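Quick setup: one chain, the form predicted on its own, written in structure tokens, and binding and motion questions come after.
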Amino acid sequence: MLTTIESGSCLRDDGLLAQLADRFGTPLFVYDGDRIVQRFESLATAFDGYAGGVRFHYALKANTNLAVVKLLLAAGAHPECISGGEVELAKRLGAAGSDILLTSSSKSPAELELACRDDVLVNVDSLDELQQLEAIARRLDRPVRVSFRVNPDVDPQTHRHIATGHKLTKFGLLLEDAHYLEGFKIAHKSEWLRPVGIQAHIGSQIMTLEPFERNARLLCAAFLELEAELGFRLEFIDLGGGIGIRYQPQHVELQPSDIASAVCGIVTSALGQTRLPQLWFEPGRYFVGGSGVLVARVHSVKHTPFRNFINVDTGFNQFLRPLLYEAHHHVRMIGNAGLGEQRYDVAGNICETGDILAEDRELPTPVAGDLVALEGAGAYCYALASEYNSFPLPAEVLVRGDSQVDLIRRRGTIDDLLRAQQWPSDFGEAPSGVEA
């Protein structure tokens, strides 16, 4: 069976996926909980030899389902959050504020105040933000820990929409600019700001070592410059996330041991064996991306002189990556006896031309009612989902061990589509499900 899913995963079991689709309906996100934990453990173990210690923050934006996040926190991850909402989710799962890293490039005053009150570490993105944060900390009489996101101008060799470390992006203080050093000087002198780290996240879905190596070298140089200028050593260097996963059968993933060997070797060589800073990482996709599939049901099959289409019961409203990032997700038919392979586009149920989930794939010809598995759906799929065209959101299921299956998010309903709407009093009687 051609697939991008690693051997041993329950997501390879077409019989299981068919049973889950019958039990919970489609479209359905299915996650392999054992694989999520294994991915975390393999990466953490690879860095065991680094003398300064390593800390992994899970990027909640990849998949915010509470059960998925809980698995990773229980395995030893800390939360990396983009919003006040993600901070609150992490806290409700038992994470202490001091364990949370807040990294958005555009934080609201309310989010900065939340960070100050809960001892959340703020990864500062601009001098303007730094000034706002200092004023809030002073008003609350609560000093706050900060790191600085710097922009190292590193090409991550990935899609332009997820390349965050080159100088034309909105992220960070440029390393080649005096602002990064000025920010640290302001924080070092302030009684309300405690500078403890430096961070650079260069992009996502990175499949080669060179961008990580270059980022490590540049951050080490900045670390030493700060020590020379300010007379103190930061507690950590944060190399961000971005480790790519296998979306296509021919893709070759970076091995955790190779990443650890390269990065730790660079840091140790640059900074010496003693008083090494802790290394921080912020993976999201790497832990959960390949640990999920989206199971959809075939509505109909259309053949034309120009293109052939398999029409399914989901669309870019629930599987946005192909449209947003031109992403390739491997597709396989589930339980199809095979009526001869042809070239097909897998087309969604959204009324837009761009709603193609997989283009020009060699697939067995299905019939209405057959099932399709869209692989690599554990990251940035449900998290990006919407109710566009008034389709309720899909259900999510977590599978662990040989037989444990948990519904971790119920399927949306028509009432959910109306949950926040209110009816003007002069319109007459409110429709069912709408608050008057």
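In this text, residue numbers run from 1 along the sequence as written. Just so it is clear, the model here is predicted, and its values are computed rather than measured.
Beyond what is shown, the protein has a form predicted in complex with a small molecule; the following relates to that form.
K.L.:
The small molecule isn't shown here, but in the model of the complex which of G241, G183, P152, P195 has a heavy atom within 4.5 Å of it?
P.N.:
Contact residue from the list: G241.
K.L.:
Please tell me which of H330, R321, R297, H78 lies within 4.5 Å of the small molecule in the model of the complex, judged by heavy atoms.
P.N.:
Selected option: R321.
K.L.:
From the candidate stretches 254 to 262, 204 to 212, 229 to 237, 187 to 195, select the single one in contact with the small molecule in the model of the complex, where contact means a heavy atom within 4.5 Å.
P.N.:
Only one stretch qualifies here: 204 to 212.
K.L.:
Mark R285 yes when one of its heavy atoms lies within 4.5 Å of a heavy atom of the small molecule in the model of the complex, and no otherwise.
P.N.:
Contact check for R285: yes, within 4.5 Å of the small molecule in the model of the complex.
K.L.:
Using 4.5 Å between non-hydrogen atoms, is K61 touching the small molecule in the model of the complex?
P.N.:
Answer yes; at least one heavy atom of K61 falls within 4.5 Å of the small molecule in the model of the complex.
K.L.:
Does Y380 make contact with the small molecule in the model of the complex, using a 4.5 Å heavy atom cut-off?
P.N.:
Contact with the small molecule, yes.
K.L.:
Would you classify T103 as touching the small molecule in the model of the complex, given a 4.5 Å non-hydrogen atom cut-off?
P.N.:
Heavy-atom contact with the small molecule at 4.5 Å: present for T103.
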